[in-house]
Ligand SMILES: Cc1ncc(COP(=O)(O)O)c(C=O)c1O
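The chain below stands alone and is given as structure tokens, in the form predicted on its own.
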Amino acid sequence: MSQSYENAYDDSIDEVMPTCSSDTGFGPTHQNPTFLAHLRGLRKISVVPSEVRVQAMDTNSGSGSEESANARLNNRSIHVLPANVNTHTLHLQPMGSMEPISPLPNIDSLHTLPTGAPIYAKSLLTKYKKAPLVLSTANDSPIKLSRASKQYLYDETGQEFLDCINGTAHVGHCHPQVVSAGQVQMSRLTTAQGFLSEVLSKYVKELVDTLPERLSVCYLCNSGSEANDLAIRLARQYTQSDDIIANEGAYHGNLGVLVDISPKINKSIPQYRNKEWSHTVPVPKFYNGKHDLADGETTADLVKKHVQDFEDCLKTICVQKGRRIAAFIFEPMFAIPGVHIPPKEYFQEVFRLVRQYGGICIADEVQSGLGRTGENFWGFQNYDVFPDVVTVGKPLGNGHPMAAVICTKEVSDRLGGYFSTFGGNPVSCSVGLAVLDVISNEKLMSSAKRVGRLHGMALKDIMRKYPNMVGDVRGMGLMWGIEIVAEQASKAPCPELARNIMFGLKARKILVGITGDHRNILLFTPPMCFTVDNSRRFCQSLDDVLNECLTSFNIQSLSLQLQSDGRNFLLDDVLDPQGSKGQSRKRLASNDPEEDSVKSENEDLIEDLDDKIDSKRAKMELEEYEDLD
């Protein structure tokens, strides 16, 4: 666990890394500038400053020329993205309208936000005979955020939204202690690449102290993508192999090599070709996955099946293809594929297999680290396993760009030269220290455990109440996945319904995202300051939205029943009672005129339907549906 700032720490240097003679172009005096934490004895910190001279080469003369490099930079043209460039997200999130807000790719998100309009009732009726018919109150205007505080976001008009998706703001948006730490340090010293600073030594020690002792070498960089890219490089240098195993639906970053091991993103690339060194294994899903429980089987039997899938992949790579494994990279909680938490025996067996075949294990803790699971500071600790490399990004800086790679000394010793101009800069280290301090002082990990336990109980009550909409609820701490299905029996994913639920919550000023291969899993990862009252509000709002869906489902069921009896139910009368067809709202047209005068048991259902349409819930801003006439 992290220590408080009052504790004494020793920032003396107990050893200096040897100078690297390299062919990197950084010159013969280039030293390894890794921020090392060789934790020996009293766990002293070794931080190696580095001076790196980069000489620009003049391609015409073949000699180094700083002036010619500057001239080329000054003449370089700046390209602007065309106005019609497509933007997309890896997951749905509640942003706003059908049209892109901006042609810039920087508004893209890892999660699906409500960037478009809800899926209206008629399209759901057309696609799903048995799926809920959603009458959403969602307003599809774009959300343009202007500020944030704690677990709340505010748009330009001052409307407040409960943020249940931005886990990047780990200790809360704009936490005053974090903001102050950055401001104060920025006024003193912002960059000192290659030089030792007290704040750097202190931060490295604080961060490494949260991990098992064998994970003692810390590299600081600027993003989760940089961290995972370095982790892959470490694995390849250590094993002298290239092949990487990741999970189906995984996302580990947007740099070149990471795109190749991120099916979440590469499958959307036109004409993408899988690399022969990149391999995927199924996510160990215990609901609606590759394997289902057969009669008489237990969870342990499913674990064996998933482990066998992994071993089959290894045998295909190493035995049939004659290749060698460098690493298995994974998310401990499988957040991107939809939050899946396997029994600890799964990871224990997988780690054993990877090492048996000569590879190392990399834990991507970008989503699950820093106490989010409530039980432990790091996600992998929930499984009693010890990875060789740990990466973490977004949460470290509470939104400030920083990341880290922590590994064993044995793995680090094989790397060779590495440096980052901004990695470990004084401002980032000050911000990172403040984040660790807030987690400790405000007891956010124990809060995540307590709030998460109550939140999970409430969500499971909702699942039991709406079994034909909520198929499964899984998670721990402040990370949860809510799987939306078309019906309980088939477990068929229903992304349209999930999208409408997301918009229904947005109408109630609550923002969630959607993830999963089928985009039918509500992803819940709020800032760690999320409270019990916030949880009650979220669960009550989710219950209200699902109840509206259930009411709509009853309307659709009646429609189908009457159609099967030879009657045509006018759905437009429900969606637009004041429109041109609204006068026939209480009328049923028969395919056989003689049946119009026949009173049947369906009349009771019709009267009940009228009551539902007249009720407060069925009046949900029906003018939004006038376009369906």
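This structure is a prediction, so every number in the text was calculated from the model and none was measured. The first residue of the sequence shown is number 1, and the count goes up from there.
Missing here is the form predicted together with the named molecule; even so, the following discussion is about that form.
- Only one listed stretch (341-349, 292-300, 366-374, 314-322) carries heavy atoms within 4.5 Å of the named molecule in the model of the complex, and that stretch is 366-374.
- Among the residues G224, G379, P526, G424, the one placing a heavy atom within 4.5 Å of the named molecule in the model of the complex is G224.
- The listed set K285, K394, K205, H173 contains one residue whose heavy atoms approach the named molecule in the model of the complex to within 4.5 Å, identified as K394.
- Residue contact with the named molecule in the model of the complex: G253 places a heavy atom within 4.5 Å of it.
- Looking at D243, you'd find every heavy atom of it more than 4.5 angstroms from the named molecule in the model of the complex.
- Although the partner is absent from this view, I336 contacts the named molecule in the model of the complex, with a non-hydrogen atom inside 4.5 angstroms.
- At the 4.5 Å threshold, heavy atoms of E331 reach the named molecule in the model of the complex.
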